[in-house]
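Starting off, we have a lone chain in the form predicted on its own, written out as structure tokens.
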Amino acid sequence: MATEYSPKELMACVAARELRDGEVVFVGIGLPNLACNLARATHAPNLLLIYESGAVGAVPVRLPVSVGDPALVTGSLMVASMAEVFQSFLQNGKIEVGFLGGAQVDRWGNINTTVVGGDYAHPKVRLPGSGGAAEIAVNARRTLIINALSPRAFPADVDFVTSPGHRYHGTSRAALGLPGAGPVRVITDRGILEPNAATGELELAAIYPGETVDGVRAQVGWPLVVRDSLGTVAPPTAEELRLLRDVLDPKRLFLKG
């Protein structure tokens, strides 16, 4: 009988599989943190994790609940200031992978975590803003986005570009002089989106077990292109689920729901 798993568990597993042993990863709390520590417990034991709060080479023995959690300090290689993390590591091109998410992700991989609806001065909803996300989107060698699909979360164009993707008002990322590769994959709860190599527009590259192309298309705000070589995604293994549930997040702090 097939093992039951939640969309969040599948997203964490898919994200973990994207990481290669020895890479330097800028980590956030939540599913990105679970993915990184799952990868380190399986196929990538030498990942070097850097957290925005300044923990470099962190090896948390329990699930940190925030970027300021003391668990990140014990056993880390160094604890730097946030300025040092951003200037010496991120802006200096040392971060190989950055994880991002947001309230909105558009067809070009632009992310909005600033305002939704109306204009900047008078929005319907004002969000926390960039934090370090814009710097990650600009400078990380490649970016992975983790976001659940919905028409609200995936409009054709975001209401505000907090973190740049592959195209902004018709101008390409290269023309803007942005050093990083931008989002190479968008890991959702239904499938994986990847940018078109020529245009930068997100396309459906792989689909999860039990999902349909029409079901995915219904959750985005643009005519989603489906690649001819549409891939499939393997479900979580029993060992991946054991690590997520029993070792990494036994209290379901981030896997709940």
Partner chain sequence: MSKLVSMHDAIAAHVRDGDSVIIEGFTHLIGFAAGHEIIRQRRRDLTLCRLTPDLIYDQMIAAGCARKLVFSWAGNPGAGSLFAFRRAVEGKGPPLELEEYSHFGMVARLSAGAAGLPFWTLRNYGGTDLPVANPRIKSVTCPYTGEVLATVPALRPDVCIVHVQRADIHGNAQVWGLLSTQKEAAFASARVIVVAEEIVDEAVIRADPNRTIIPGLIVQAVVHEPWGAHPSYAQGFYDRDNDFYVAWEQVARDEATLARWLDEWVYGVKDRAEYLARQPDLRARLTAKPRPSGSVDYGY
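Positions refer to the first chain, counted from 1. Model, not experiment: these values are computed from the prediction.
This protein has a second form, the form predicted together with the partner chain, left out of what is shown; the following refers to that one.
Judged against the partner chain in the model of the complex with a 4.5 angstroms heavy atom cut-off, the residues G191, Q219 and L224 are out of contact without exception. This chain is displayed without the partner chain, yet in the model of the complex the stretch 159-167 from 144-152, 159-167, 94-102, 183-191 comes within 4.5 Å of it by heavy atoms.
Residue contact check for A55: one or more of its heavy atoms lie within 4.5 Å of the partner chain in the model of the complex. Within 4.5 Å of some heavy atom of the partner chain in the model of the complex lies at least one heavy atom of R62. Within 4.5 Å of some heavy atom of the partner chain in the model of the complex lies at least one heavy atom of A134. Contact annotation: V67 falls within 4.5 Å of the partner chain in the model of the complex, judged by heavy atom distances. Applying a 4.5 Å heavy atom cutoff to the partner chain in the model of the complex picks out T114, Y120, A121, P123 from 109-123, in order along the sequence.
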